[in-house]
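Next up: just one chain, as structure tokens, the form predicted on its own.
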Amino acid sequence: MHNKTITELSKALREREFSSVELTQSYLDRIKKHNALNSFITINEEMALEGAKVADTILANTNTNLLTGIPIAQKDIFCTQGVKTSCGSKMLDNFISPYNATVVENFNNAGAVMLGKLNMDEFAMGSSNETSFYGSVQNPWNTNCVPGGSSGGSASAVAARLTPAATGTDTGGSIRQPASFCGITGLKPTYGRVSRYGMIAFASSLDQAGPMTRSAEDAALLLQTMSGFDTKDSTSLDIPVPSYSASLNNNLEGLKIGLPKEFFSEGLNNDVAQTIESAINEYRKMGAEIKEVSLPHMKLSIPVYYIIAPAECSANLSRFDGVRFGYRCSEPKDLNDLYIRSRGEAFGDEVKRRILMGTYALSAGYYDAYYIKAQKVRRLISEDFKQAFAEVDVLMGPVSPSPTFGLGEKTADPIEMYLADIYTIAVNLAGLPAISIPAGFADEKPVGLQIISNYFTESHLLNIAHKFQQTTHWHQLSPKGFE
């Protein structure tokens, strides 16, 4: 069962090949068997089986949503009523959410069954899933390597077939980079396409939720459920949601693909470059036109991101003060001591680093010099994409300069870790949609092809990704030992 796609599982449930309870139990057994990957923080066994029973009753009596009875797992950044929502942090280790995030509620309404909550970098801050309070997650393709971050638990679980699909969030590449490292499909939608209500904020102008699946076809089904206007989220956009599955098989003849020269410059691993070039050749065979374009301000995306994101994180994480919810230090002497020790004891090093960076950038005397200037450059980065899309339909290139790296390899050098997101961050600064799809291997490690398109063209992205997956087999491969 675990080797079937969501589309295949949905069909099998309707034809009574097996029940949702049997399917859910099968995945719960796999999660326990491969617990060493550390991809789950919370396993929701009792609630999952109860939900599966309800789904079986619905399946027996009515025409249902395609996700009814399908097990999925939620990144532990989404509030889930009655279940711990930790955000990978000691600060929220004791937090039981009293409500559901809109994304979670949408899946519940569709009849999906939640297997549990997935491990992640603390408060989504990291590129390797090594900053989690609950320990590092392993990459199933090479258990000595990282799965990427911050949605590393989601990517690892989908790649190891511990869940048919998972949710992730992408602030600077945190869906696409782990999807690339783990050989799965990961989509970051247009900013505002998916509600952020109940998704614990890191950087509010950058965070966006999206699906992590084996294939583009499955991603279309999940995105359909996740998307839509939400009055509870002021950043949610009231724009109609198309049928993402309807255009999957559209012809790509005449598609204009732009290759940003900045994506193929110094610093890109040679094997990764060759893998990406081979993938782009597949599109040539389908009749696509290839053209070099330029994103001249992309080189500034990392310094801009590491001013804006920490500034927003500094503001968002000020709510975690030991007073209202979350971790509280023992026997504080006074209110000031409560704040200092609660935050000092509960936040990890990377979170503290970014809070300090952000507070500095927002402080008197530095706000104009750093934060305002970064926002101005952010606009230039967006304009670069606008000009590129006047010439081509989509942009293609690598997701990361290298394939996955060893556990502990980059933890001592934050700057080197930040550079792992050099090809993804600009997309978040501009608010554009982008997808990573499996494109091959470099040094026996998965490599993802990144495809970027204009605002609210997720249907086009999924179509382009699906056509590639119809002619290649990379997305069908399983890590050894997890077949």
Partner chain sequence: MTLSTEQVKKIAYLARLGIDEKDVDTYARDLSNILDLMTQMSETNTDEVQPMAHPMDKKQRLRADAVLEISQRESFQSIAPQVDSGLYLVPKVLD
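Numbering follows the first chain given and starts at 1. Please read all numbers here as calculations on a predicted model, not as lab measurements.
Separately, the form predicted in complex with its partner chain exists; it is not shown, and the next lines address it.
Of the residues V377, L248, V83, A110, just one reaches its partner chain in the predicted complex with a heavy atom at 4.5 Å or closer; this is V377. With the partner omitted from this view, the residue of F133, Y283, F389, F95 that lies near its partner chain in the predicted complex is F95 [heavy atom within 4.5 Å].
For the three marked residues, L335, R353 and I372, a heavy atom of each sits within 4.5 Å of its partner chain in the predicted complex. Using a 4.5 angstroms threshold between heavy atoms, F405 stays clear of its partner chain in the predicted complex. Residue contact check for P303: one or more of its heavy atoms lie within 4.5 Å of its partner chain in the predicted complex. At least one heavy atom of L429 is located within 4.5 Å of its partner chain in the predicted complex. Proximity of S234 to its partner chain in the predicted complex falls within the 4.5 Å heavy atom cutoff. In summary, the region of this chain contacting its partner chain in the predicted complex, judged by heavy atoms within 4.5 Å and restricted to 292 to 300, 271 to 279, 211 to 219, 161 to 169, corresponds to 292 to 300.
Contact annotation for 396 to 428: residues with any non-hydrogen atom within 4.5 angstroms of its partner chain in the predicted complex are A412, P414, I415, Y418, L419, listed in sequence order.
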